[in-house]
Ligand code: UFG
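Next up is one chain by itself, shown in structure tokens, the form predicted on its own.
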Amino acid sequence: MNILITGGAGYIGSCTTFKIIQKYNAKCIIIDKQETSNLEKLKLNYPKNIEFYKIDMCNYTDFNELFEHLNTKSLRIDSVIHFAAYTIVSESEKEIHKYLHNNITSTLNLLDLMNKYEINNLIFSSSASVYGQAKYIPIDENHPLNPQSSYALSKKISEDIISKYSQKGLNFINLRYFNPAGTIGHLGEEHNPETHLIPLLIKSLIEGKIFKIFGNDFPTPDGTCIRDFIHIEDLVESHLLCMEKLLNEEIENETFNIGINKGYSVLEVVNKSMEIFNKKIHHKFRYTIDNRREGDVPILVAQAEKIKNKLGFQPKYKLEDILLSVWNYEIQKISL
């Protein structure tokens, strides 16, 4: 089995690659603009299973040459998992062209080349941000789409383009993530800069740095944003399940929410972390309230029953599991 993974050097992409190789001993062709430490770990452990190509997917000529190269090698791609995108919501409001150009053009070029080389199975890494400010909670897949950031808009437009290409024989599954977090073994979040709540919080707890909460004036019980956090192990498992269903022609052209049907506010996550790690912290933990970040919405909580009912997917992990995995990952890095 040969799987093309765009953005496979990133957090979710590398974790998914790791599990695909473990479970299927598949060949993973990774496309990314840059190598990360996660990819180096994968290449070290599975050198025969990974082919890495540093390519800007917005450059159609270079991208097409890669497909020609794979075709020359008679390396038939069975399925594509498309993670590659710029993903920082607040940055997307400052750099609108960068986000819309990169995220939409890369998707459009990928779909055109998939059509050209007759590759028909696609799993797309979408986002719950496409829903915008919730009209009701929890949010199901029929909730109106009203993206509030350029990042979210790029995901919505990409979904629309994918739907259009289904008329040319593409079989797709869009996975709208809520908030992935946690680690898989030696693989965790290595963003630069890091903008995600849980890794920033855990690092603040370990290092004794002041933790910033962005906004406490949202229309929520404690004034901080509420999010649905799903463990990366569960998120990756949803991809593997969807890939199997696509390859076995058991499903076509679907969109699923990926979450746990429960939300936690930023302050609740802080308090839960203090409850778990208080005895391990040798300094006083402090946090400050900063201004809201552009593009943040008050509440995003999934109604994720559709994938459970259609595919039998059921998340196994809780918030405590996520926090513990990130703590252990960060402590391990310090000890190396």
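Each residue number is its position in the shown sequence, starting from 1. Worth saying up front: this structure is predicted, and the values here are computed from it rather than measured.
What follows is about the form predicted together with this ligand, which we do not show.
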Heavy atom within 4.5 Å of this ligand in the model of the complex: which of 103, 238, 150, 127 fits that? Just give me the one. 127
Though this ligand is not shown, can you say which of 89, 157, 77, 108 has a heavy atom within 4.5 Å of it in the model of the complex? 89
Tell me, please, which stretch of 158 to 166, 191 to 199, 69 to 77, 248 to 256 lies within 4.5 angstroms of this ligand in the model of the complex when heavy atoms are compared? 191 to 199
Taking heavy atoms only, is residue 27 within 4.5 angstroms of this ligand in the model of the complex? no
Would you check, heavy atoms only and a 4.5 Å threshold, whether residue 83 touches this ligand in the model of the complex? no
Residue 231: touches this ligand in the model of the complex, heavy atom cutoff 4.5 angstroms: no
Hey, in the model of the complex, does residue 213 get a heavy atom within 4.5 angstroms of this ligand? yes
Establish, in the model of the complex, whether 179, 296 and 300 all lie within 4.5 Å of this ligand, using non-hydrogen atoms for the distance. yes
In the model of the complex, which residues of 38 to 57 put a heavy atom within 4.5 Å of this ligand? none
